[in-house]
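One chain is shown next in structure tokens, namely the form predicted alone.
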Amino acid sequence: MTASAAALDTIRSEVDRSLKEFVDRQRPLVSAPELAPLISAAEEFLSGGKRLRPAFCYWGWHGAGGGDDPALFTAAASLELLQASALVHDDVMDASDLRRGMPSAHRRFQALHEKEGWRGSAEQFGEGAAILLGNLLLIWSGEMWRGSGLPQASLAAAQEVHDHMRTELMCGQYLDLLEQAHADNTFDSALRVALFKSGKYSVEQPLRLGLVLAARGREPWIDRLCEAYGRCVGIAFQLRDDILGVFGDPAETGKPAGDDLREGKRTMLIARTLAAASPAQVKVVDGMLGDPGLDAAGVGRLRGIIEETGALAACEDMIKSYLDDALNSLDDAPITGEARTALADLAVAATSRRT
């Protein structure tokens, strides 16, 4: 095991510990028995995951000269609360049934309503409860960040970055909805969604948070590194996610095969497919994309068109190009050698992941 891989294991363990301690501190505030399903769902959505966002924050901190401080893990762990909030809301917007192989939050609450035989629409209750859960996780992310224990000077210097990151995430989610509604699906629009919906808050901003926290200021070299490295890795990260949404193994992704096709996701993969497709292929894609009842045969047919048009290969080439640019940007970055190696390893892990 490499040093950076061992460090990632430590980051995961410390982030898990920080999240557990934080949720445990919330229990007295939400102690009513009726709220137990809400807390249980929160815990489930916070479990597992590769903890890549805290890792980018951690190595930003160490790259800018930050020392060992347990409070850094707590601050970085707040990003997982933001991520969980985004996943809960995303599943509601996409009407997804599964997340990580388990029922999505709104389906979980819908099942609770049905089991208890409550009045009204079980589906509406499930969606409403999930929205509130996502909001709670978003609130908690800010609370955990502010109460991390890091020096106030560091937190104050990075607060603008933290606020901006959350704003970008919400704007990215809206752009994603808009993309499905417009169905324009140009290369530029697909790339914009990839950057704002996932790329920025997954890589660029967590890295910037760590760097600014340690430097206690947003120096010009920090923005240059985050834009050159962070944006490239972030876009490649989302492109890989788009491929997994169509070609991923359900046993590893935790979602049904081809789920993005049923949801009608207008990703770069689809944009490139339509740009290179024949009129007959375009007709098939337009007719089947976004059909919630799309069966395995339909998924297979769309996958075939995506591969035949060269869209899959083109997206793989884009991932490699963005990854190469990101790795090259680390060569002259004024960060510690250990952080440079770790960030290179993280870039590869984030863009070649299978889940």
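Bear in mind the structure is a predicted one, so any value in this text is a computation, not a measurement. Residue numbers run from 1 along the displayed sequence.
A second form of this protein, the form predicted together with a further copy of the same chain, is not displayed here; the remarks below concern that form.
- With the partner removed from view, the residue among Tyr229, Tyr201, Phe109, Phe237 that has a non-hydrogen atom within 4.5 Å of a further copy of the same chain in the model of the complex turns out to be Phe109.
- Just one of Gln173, Thr74, Ser154, Gln281 comes within 4.5 Å of a further copy of the same chain in the model of the complex, counting any heavy atom, and that one is Gln173.
- By the 4.5 Å heavy atom rule, the three marked residues Pro37, Thr167 and Gln180 all count as contacting a further copy of the same chain in the model of the complex.
- Looking at Ala275, you'd find every heavy atom of it more than 4.5 angstroms from a further copy of the same chain in the model of the complex.
- By the criterion of a heavy atom within 4.5 Å, Met93 is counted among the residues contacting a further copy of the same chain in the model of the complex.
- Although the partner is absent here, Glu127 is a contact residue: one of its heavy atoms lies within 4.5 angstroms of a further copy of the same chain in the model of the complex.
- Taking the partner from elsewhere, Lys255 is found to have every heavy atom lying beyond 4.5 Å of a further copy of the same chain in the model of the complex.
- Only one of 206-214, 229-237, 130-138, 242-250 places residue heavy atoms within 4.5 angstroms of a further copy of the same chain in the model of the complex, namely 130-138.
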